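Single chain ahead, written as structure tokens, the form predicted alone.
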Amino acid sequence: MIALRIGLAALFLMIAVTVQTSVLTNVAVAGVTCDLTLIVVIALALSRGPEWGAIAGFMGGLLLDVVPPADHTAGRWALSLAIAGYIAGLIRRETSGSPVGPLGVALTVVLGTAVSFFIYSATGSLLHDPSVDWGEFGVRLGIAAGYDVVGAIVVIPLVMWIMGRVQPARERRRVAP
């Protein structure tokens, strides 16, 4: 059962990276698109916890770092998404594994977007990336958060539903009220 969950998580991440880098780049506003990979990472973190969130974030970020048209130092997205995934998983842990409501999911997505965007920009500044513009940070963060919340409306319930169907029966009984 664990192998199936890992395989599904890998499939979700590969689909997200592919769609994000090939389709969503065509609907960019101010150079910002929906971060579908982050949304999948948050969904996995909310369904499985902080360890899954960190690992999924690292793997999804690593894919974003190496898939063309990557034009930045490898590892920046891996670090950003790993930390955002871990934080999202902590939110699940704080709710004792019970479902996070729609407002909680939206706030988790906004927090994950802010954390990953800040870490990605900060590491870019440290590495002297000329594309980092702190003057536009707030505007780009607002656009990114808006895009991500809209994308999360469809992606997070779908991923959480599928991941919930592949857990062992003893785990389902333990979580059920």
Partner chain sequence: MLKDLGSPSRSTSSRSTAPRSAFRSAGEAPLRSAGTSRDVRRRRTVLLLVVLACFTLIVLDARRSAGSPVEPLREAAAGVFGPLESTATSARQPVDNLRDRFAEMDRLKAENEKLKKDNEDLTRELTTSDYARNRAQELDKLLKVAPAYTMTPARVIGIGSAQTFSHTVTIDAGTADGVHTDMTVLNGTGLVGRVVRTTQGTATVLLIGDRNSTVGGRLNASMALGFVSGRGEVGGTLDYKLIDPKARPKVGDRIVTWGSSGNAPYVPGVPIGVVTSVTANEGSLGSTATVKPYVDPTRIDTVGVVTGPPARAPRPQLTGKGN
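Positions refer to the first chain, counted from 1. Since the model is a prediction, treat every value here as computed from it, not as a measurement.
Absent from the display: the form predicted together with the partner chain. The rest refers to it.
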**Report entry** Touches the partner chain in the predicted complex: Ala114 (any heavy atom, 4.5 Å)
**Finding:** no
Requested in this report: Look up in the predicted complex whether Pro50 has a non-hydrogen atom within 4.5 angstroms of the partner chain, and give yes or no.
Outcome: yes
Query raised in the report: So in the predicted complex, does any heavy atom of Thr108 sit within 4.5 Å of the partner chain?
Result: no
Query raised in the report: Should Met14 be classed as touching the partner chain in the predicted complex when contacts are defined as heavy atoms within 4.5 Å?
Result: yes
Requested in this report: May I ask you to choose, among Val23, Val166, Leu158, Ile153, the residue with a heavy atom within 4.5 Å of the partner chain in the predicted complex?
Outcome: Val23
Query raised in the report: Taking heavy atoms and a 4.5 Å limit, what residues of 63-88 are near the partner chain in the predicted complex?
Result: Leu63, Asp65, Val66, Val67, Pro68, Pro69, Ala70, Asp71, His72, Thr73, Ala74, Gly75, Arg76, Trp77, Ala78, Leu79, Ala82, Ile83, Tyr86, Ile87
